[in-house]
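What follows is one chain in structure tokens, specifically the form predicted on its own.
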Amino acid sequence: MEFEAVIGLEIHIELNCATKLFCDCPNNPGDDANVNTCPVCLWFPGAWPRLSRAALEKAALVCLGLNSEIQPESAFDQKIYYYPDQPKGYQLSQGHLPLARGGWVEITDEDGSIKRLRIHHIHMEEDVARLVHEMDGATPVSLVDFNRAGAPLVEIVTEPDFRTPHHAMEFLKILRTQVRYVGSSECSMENGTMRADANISIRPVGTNQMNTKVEVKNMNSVRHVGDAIAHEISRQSAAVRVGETIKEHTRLWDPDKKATLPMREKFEAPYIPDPSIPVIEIKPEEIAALRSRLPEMPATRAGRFVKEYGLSAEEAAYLSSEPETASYFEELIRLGVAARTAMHWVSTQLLPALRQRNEGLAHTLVTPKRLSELLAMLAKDEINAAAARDVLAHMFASDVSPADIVKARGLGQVSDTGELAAMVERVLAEQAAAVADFKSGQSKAMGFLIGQVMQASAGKANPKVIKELIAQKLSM
């Protein structure tokens, strides 16, 4: 019997607000333990939460960026469970009246078709504290850091529309891009500002039945999500084939063992309306004002790049995948760089170099203005492509102008025909076999001869002029 998977995701995203969700403590979970706390996030008697407007607006922008419908009324509940990371014995979340309902993300399926994956709802909630487990001699010790307690989160709960690991991985990639575009979170799974849980069940192919699901929690990379889902589909299929019953429970993904491991039985915490936080009312004109703050979203921007700049769909999608990259690319064009030149240098030279140096566009010394100056020198044949790449490598470590780097390193391109003609004569005399190959119709010989002249000029010769001179000499 063949099985198919039915998969839904729950994604927690930490909002990049300056303060926590219900108090004015700094939202910096990575600071020294327990320095960002107050009576509210420690929940002392008499403490009274106050909802952050900034967090509400950033959460609403996430909803609008994911095509969700913000509800006119939403409210917080007490999600009751007892655990050391929750000082008040419950978590403030939106169980009954979420901030938004509906929404969708479109992905490209493995066969190239477009598949729409639906969102059930999006709600706000506070994060919990962080448990730190240490060994003090032979005795294990568990400590609690409350810096993270009360950090503002949104949780995105999808419909069970996913069938493959590919669906889940592509959904997470595009969702991450959408949220980054609206500016509400960095969405870094590696840094913990985005976490994903997957609910997975299997059923016979061709049926519509819903079977017992297993939840795999707290995966911290897109690849881990795909691997965990693939493993769980295989594990459940094998179990059903030998007659085992799938029981609802929670598992963890172990990337070293490449397997999901049982964690605990599934527990559904009860939700009780919280009396301390008023119902949130958002008027249509407020939603319209928030919608006006949305930037041009990545799919729209990619379509414009194809239309305005003549890029391929793949090139446009790559450049628009991050808002900083798209803006950098368009700034180069505004500064006079040809679109295809800008695309080539950003995608094949700049971004790979930044990744190698573990830098980002926001803080690099290679600003659009400086790169445009370099590319202008290349366009004017003042330097060749090899020299331009050499100059770019030095631009990451210094704010010296590209022209000064070229001068200091002696990288100016030689275009004087008299000087280059002598080099060409010498190379043609030394490479009689390649000359004969070219005259017999082997066009690759031209590239070899150009390379020999470039080598003779220490890489400074203008390859266009060299090619013209060689062609003239061999046509005589």
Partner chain sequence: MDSIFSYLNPDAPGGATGPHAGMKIAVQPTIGIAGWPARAGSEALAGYLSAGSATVIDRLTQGGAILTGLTHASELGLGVDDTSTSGRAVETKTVHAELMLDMAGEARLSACRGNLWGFKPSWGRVSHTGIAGLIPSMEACGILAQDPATIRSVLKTVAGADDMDFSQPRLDYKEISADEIKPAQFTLSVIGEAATLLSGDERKEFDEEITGLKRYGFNVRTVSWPDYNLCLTVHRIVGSVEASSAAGRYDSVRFGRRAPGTKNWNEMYLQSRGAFFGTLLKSYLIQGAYFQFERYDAYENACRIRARLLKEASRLFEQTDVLVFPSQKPAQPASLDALYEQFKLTAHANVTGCPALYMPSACAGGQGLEFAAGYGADERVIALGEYLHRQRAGGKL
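Positions refer to the first chain, counted from 1. All values reported here derive from a predicted model rather than from experimental measurement.
Just so you know, the form predicted together with the partner chain exists too; it's not on screen, but the next bit is about it.
Engineer: Between 318, 271, 181, 309, only one gets a heavy atom within 4.5 angstroms of the partner chain in the predicted bound form; which residue is that?
Structural biologist: Comparing distances to the partner chain in the predicted bound form, the residue within 4.5 Å is 271.
Engineer: Of the options 426, 439, 409, 50, which one has a non-hydrogen atom that comes within 4.5 Å of the partner chain in the predicted bound form?
Structural biologist: For this set of options, the contacting one is 50.
Engineer: Using a 4.5 Å heavy atom cut-off, state whether residue 323 contacts the partner chain in the predicted bound form.
Structural biologist: Answer no; every heavy atom of residue 323 is more than 4.5 Å from the partner chain in the predicted bound form.
Engineer: Hey, in the predicted bound form, is residue 80 touching the partner chain, heavy atoms inside 4.5 Å?
Structural biologist: Yes, residue 80 lies within 4.5 Å of the partner chain in the predicted bound form.
Engineer: For residue 212, is any heavy atom within 4.5 Å of the partner chain in the predicted bound form, or not?
Structural biologist: Output for residue 212 is no: heavy atoms all beyond 4.5 Å of the partner chain.
Engineer: Is it the case that residue 243, even though its partner is missing from this view, gets within 4.5 Å of the partner chain in the predicted bound form, heavy atoms only?
Structural biologist: Residue 243 lies outside the contact set for the partner chain.
Engineer: Taking the partner chain in the predicted bound form, would 45, 90 and 96 all count as contacting it (heavy atom within 4.5 Å)?
Structural biologist: Judged in the predicted bound form, 45, 90 and 96 all sit within 4.5 Å of the partner chain.
Engineer: Tell me which stretch of 141-149, 369-377, 99-107, 341-349 has a heavy atom within 4.5 angstroms of the partner chain in the predicted bound form.
Structural biologist: Comparing against the partner chain in the predicted bound form, the contact stretch is 141-149.
Engineer: Using a 4.5 Å cut-off on heavy atoms, what residues in 272-297 are near the partner chain in the predicted bound form?
Structural biologist: Counting only heavy atoms within 4.5 Å of the partner chain in the predicted bound form, the contacting residues of 272-297 are 272, 273, 275, 276, 278.
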